[in-house]
Structures are given as C-alpha cells and as structure tokens.
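Taking the form predicted alone, here's one chain by itself in structure tokens.
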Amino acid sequence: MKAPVVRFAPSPTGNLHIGNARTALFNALFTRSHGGVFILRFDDTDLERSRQEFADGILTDLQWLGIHPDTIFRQSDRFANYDAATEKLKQQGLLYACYETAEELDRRRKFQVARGLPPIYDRAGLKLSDAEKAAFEAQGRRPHWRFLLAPETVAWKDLVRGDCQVDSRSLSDPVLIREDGSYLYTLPSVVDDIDYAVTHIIRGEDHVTNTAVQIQIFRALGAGSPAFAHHNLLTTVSGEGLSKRLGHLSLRNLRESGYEPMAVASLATLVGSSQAIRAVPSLAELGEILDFSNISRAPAKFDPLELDQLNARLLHEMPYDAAAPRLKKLGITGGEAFWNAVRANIVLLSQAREWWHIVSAPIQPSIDDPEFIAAALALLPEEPWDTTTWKQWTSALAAETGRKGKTLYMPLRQALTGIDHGPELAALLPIIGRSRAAGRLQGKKV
C-alpha cells in the first residue's frame, strides 16, 4: 500500500475529550503502522468561537498521548483556496444562491412532514429569477449557497463498515456558505484534502452521510476520493454522547488527574471492538493490533472504572527506572524497594505519595489491643531488616500469643500504618525501619 496521508481535524473551540482521542489515535496508529503522514488541521473557520488557547491545548493533548503531527495548518489561513473552489463550482452551475430565512425553512419542512413528504430542500433557489434575487437583496437579505447534488446513489467501500451507499436524492442540497459569507465544514474540508493529498479519511460514523456529499464535491473539483473509514462513536456508560461540555472526560482533565497516557490510549482504541481491552504499554504495540475490521457497529461505551483498571495495570507492571523520575518530582526518595512495595496498591502514580507519607512521616498509630501490641514490641527483631523480617517477627509472635490470620496481622498493620489495608508489610516494614516501628507500637505519633 502507498504510504497513507491522514488528517485529524478538530475545531479549536474547546478541549478534546476521550472520544476525540479515539479518532486521533485511529489516524495516528494507522499511518504510523504504514509509514505515512499525520496532519493536524485546525478547523477554525468559525473565527468567533475559535481560540488560540484551545489550539495550544489540542496540541498539548496529542503530544501527551504520544501523537506528534508531521504537518500542522489552520483553515483560517486558506480562505483564498476556498474562494477559488467556490468560483469553480459556481462556474459549473453547482453552487446556487438561496434566500430563505431559517424560520421559512423550518415552516417548509414542517409542511412537508405534515403532507407525508421527506423534509428535504425543494430547490426553490434554483427557480429564482434575477429580478427576484434583486428584490431579496433590496430587502437586505443575503444568500446562502447550496451545492447541487447529482441524483445518484453514491457508493464506497468503507474500511470499517464495508460496502456503503447513500442515495443523494434523499438529502437536501447542503449549504456550503452561510449568509455572512463564512464557510461551513464541508467545502474547506474537501479542498484541504485535495491540496494536501489526503489518502484516507478516518472519522466517526456521524459523518457517513456527509461522505456521499463530499465524494460528489471531490468529483466536481476534479479530484478522486480518498478511502474512508467510519468508526463507531464513544458514549458514556449510560449511552450519552460525548461533548466538550463533559469536562471530566477531557484529555486535559484526565492528564491533570494523573492518568497514564497509554491507559487512555488503550481504552480509547480498543473499546467497542472485538479485541480484548487491555493495557498496551506503547503506541507502537497498539498500532500493531489495531484492525479496522474488528471495530463494532454498536456504540463504544467509555467506562471510567475500566480506565482505572488499565491505569492500575500499567503501574503494577511499571519498572522502577520508568517511575523513578516521577517519584522524585513527588518528593519520594524511597528507591526501588519502596516502588516495588507500593505499586500494586495504587491506581494513579500520585497515590504513591500517600504511602510515602505513611512510611516516612509522623502518623497516628491505631491501637485497639494494647496488650497484644506490647507483646509485639517485646519481640520486635533487632536490625538489620529485610523482607524476611516480617515473617520472622510474626512467627515468633504467633508462637507467643497463639494468634493467627487476621487477629495476628491486622492489629500490627493498624499500629504500624494507622490504617487497615495496604501493601504487603513484609515489603513495607524495612522501609519504616525499627526506630519508627517501635515508636508506633508504643502509640507515639512518629
């Protein structure tokens, strides 16, 4: 296969959410696997709502995921190209002026529905004479411009959905230019795909109908169509569609909450497919297992609990060398022994700080059985300590008191850590150290 050229085209009007990440990842992994080019295109023709801060945030989010665009451009820099395409379509008679207001169009649709007709545009704009157009202009109306669809069935082989077809006679001629002269998504997108030689358009299934329109525009502008892949959309567990207003699912929020980028990437890529959801350690490996034919037609549901599980799995398997710089930033100096002791008990790496506080800072021990704890203190081994010390100590204590199981171990855990759960004490005890352990067994806040 020829090296692919793909594009991810967000609007810089808000933060990316995990559903957007799904599309970005499909594009990036596909082109990475085939040695192609990844283009980041900012769809910022809506000058009023687009913000530089959102564009910067999108780039930061992608780089956090490990996606580094080969080319970046903004549609707002390319209006001359869209204007040229507009003139070409007008000269072919494929772009025509319409003067209806939104209210008039709404009344017309309701009337058609009431008569049992499909609510598609009746092409009244095509029938206007020059005098009628001039009259509308004199009223202060400005035209919006529609693309004249050919009456045909548009078919393509979708990389996800297989054979697809849309009868363009069931569609309204799409508006490409608003009354104020600004462009909607469709025409600039096609012009950009032609100019940047995009070979594959990988996007959500909500664009399936758009594809029929765009294929006709590609043809009208003298270009062939790229290949298309329309993946299922990501929803919440309850089935609600994702949007920029769901801030808790934004990549920025997930990043700032401490999630691992590969946990997010693994879930966003594998959910809603026939492949088992698992924590994949690298984008290279994730790209090797991505297969569009395995993507389901049903919506893909994002479950935060699954993200927690994947994140925990990555941390449980993370070697100390990978964690060390981040632990240092958190002020944790316990070394490899500490990391190996606590990593199986955290979901987010930042939670290691809580365990570091428990083993290295003053805490209030919890002692409900002073007599038993006094016996434990009397049998506390002398240093040096290692991971065998716990067994040596508790075996002696069991022999002395006759206790076993939870009645033996829980009082010790509560006295040494102040809580009733956590990492294996065989690993924690040497890090706590004899002096601090003895103080805590005496009820001291050390």
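Bear in mind that the values here come from a model prediction, so they are computed numbers and not experimental data. One rule holds for the numbers: they count along the sequence shown, beginning at 1.
Not pictured, yet referred to below: the form predicted together with a small molecule.
A residue is said to contact a partner when one of its heavy atoms sits within 4.5 Å of a partner heavy atom; Lys133 fails this definition for the small molecule in the model of the complex, lying far away.
Within 4.5 Å of any heavy atom of the small molecule in the model of the complex lies no heavy atom of Pro423. Interface residue remark: Phe292 is not counted as part of the site for the small molecule in the model of the complex, having no heavy atom within 4.5 Å. Using a 4.5 angstroms threshold between heavy atoms, Arg219 stays clear of the small molecule in the model of the complex. Here the chain stands alone, but in the model of the complex its contact with the small molecule, taken as any heavy atom within 4.5 Å, falls in 185-193 among 185-193, 113-121, 250-258, 359-367. Residue in contact with the small molecule in the model of the complex (any heavy atom within 4.5 Å), chosen from His207, Arg297, Arg169, Lys88: His207.
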